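Have a look below at one chain only, the form predicted alone, in structure tokens format.
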């Protein structure tokens, strides 16, 4: 009998042991390890509006759309739902309509690639841009670990552009571009989340958005815009235009996620890649070629479900999300008021006040480590996300991210009581920290 093979980790790709990949698994699994703890860790959508009956209705709506609006016969309807399907996706026209209705983005449906979540869209764009050994991607830091992890799997270095107290400053981007070029590297794109960013919660004002587009044109880079939270403003009023809505020079690759606005179980996202390729075609066509070798296509059933949801709400994600938006506004208000009541008098404790989204960042006068998180879970019954998972700077080392999207207000209040006990305990133990 032969001995089972034992692989040496050194013979596997180095990125598999990278902290970014470990962080993603950690963030996905930490709540399951401590089921009795109140968890502010996951950026999950609310489940208050989920109903299994909706799935059947959405599927029926999409099947009727194929038959009545597109004129498919019964055989073709079955084929559309059961077979592999088009690599670029089958709901691209519905997504193009939604972008026009909700965002004022006018785009050829052929410039849209429907992907297995926004994560695949990010991976495909980075794969396409990584053409030479000296290519790098810039990322606003602290950054979403899905971006940094995907880049490392592709051997594409990530060069950070630090956020200031109020978000990205264009002059910092210019400085970083010039420093990267001086080091012999070629910056291909800047990754950013302009609305209610994960993890910081920051948003960019209109002047900054316009200036970033100017810099992208002047410095010949792309802007990789990730927009999962843009519909979740904390108050009524005019929403700022996305970078893509302002883009007149095809400098923005817009990545959309239907995880937060429809439901994550469908695993549907998309990329708007309308950049022209010399010799003909679009960047979307190049992304589709890469996708055909990775996932072949995005599940037609998943696409049918989100397509049916769009159809049921007149093509608008804003209309489809009226109830979730109300939940997120309620929860963010509860969280911010709860922080004020409990922590406003504690020395060295502060937090930001985002104008929407899922996340609030709390700064404390002691290190926030995974060991502290485990202690919080075991002894205090509360979970959060250490910001060191998103950045390695000194500020992030003393910060924690709270996500309020998934919880009820009672859970938020109870969780903040438990967090208060934890922070007060550590302040007593290290009063001069």
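Numbering follows the first chain given and starts at 1. What you see is a predicted model; the values in this text were computed from it and never measured.
The next section is about a form of this same protein that is not shown, the form predicted together with another copy of the chain.
At a distance of at most 4.5 angstroms from another copy of the chain in the predicted bound form, none of the three residues 89, 207 and 224 contributes a non-hydrogen atom.
With another copy of the chain left out of view, the stretch that reaches within 4.5 Å of it through heavy atoms in the predicted bound form is, among 177 to 185, 94 to 102, 259 to 267, 335 to 343, 259 to 267. Contact annotation: of the candidates 299, 353, 134, 363, the single residue with a non-hydrogen atom within 4.5 angstroms of another copy of the chain in the predicted bound form is 299.
None of 245, 234, 129, 158 but one reaches within 4.5 angstroms of another copy of the chain in the predicted bound form through a heavy atom, and that residue is 129. Remark: residue 56 counts among the residues lining another copy of the chain in the predicted bound form, judged by a heavy atom distance of 4.5 Å or less. Shown alone here, residue 69 lies farther than 4.5 Å from another copy of the chain in the predicted bound form, counting heavy atoms only. Taking the partner from elsewhere, residue 196 is found to have every heavy atom lying beyond 4.5 Å of another copy of the chain in the predicted bound form.
Among residues of the shown chain, residue 406 is one whose heavy atoms approach another copy of the chain to within 4.5 Å in the predicted bound form. Residues of 282 to 308 that come within 4.5 Å of another copy of the chain in the predicted bound form, judged by any heavy atom, are 283, 286, 289, 290, 292, 293, 294, 295, 296, 297, 298, 299, 300, 301, 302, 305 in sequence order.
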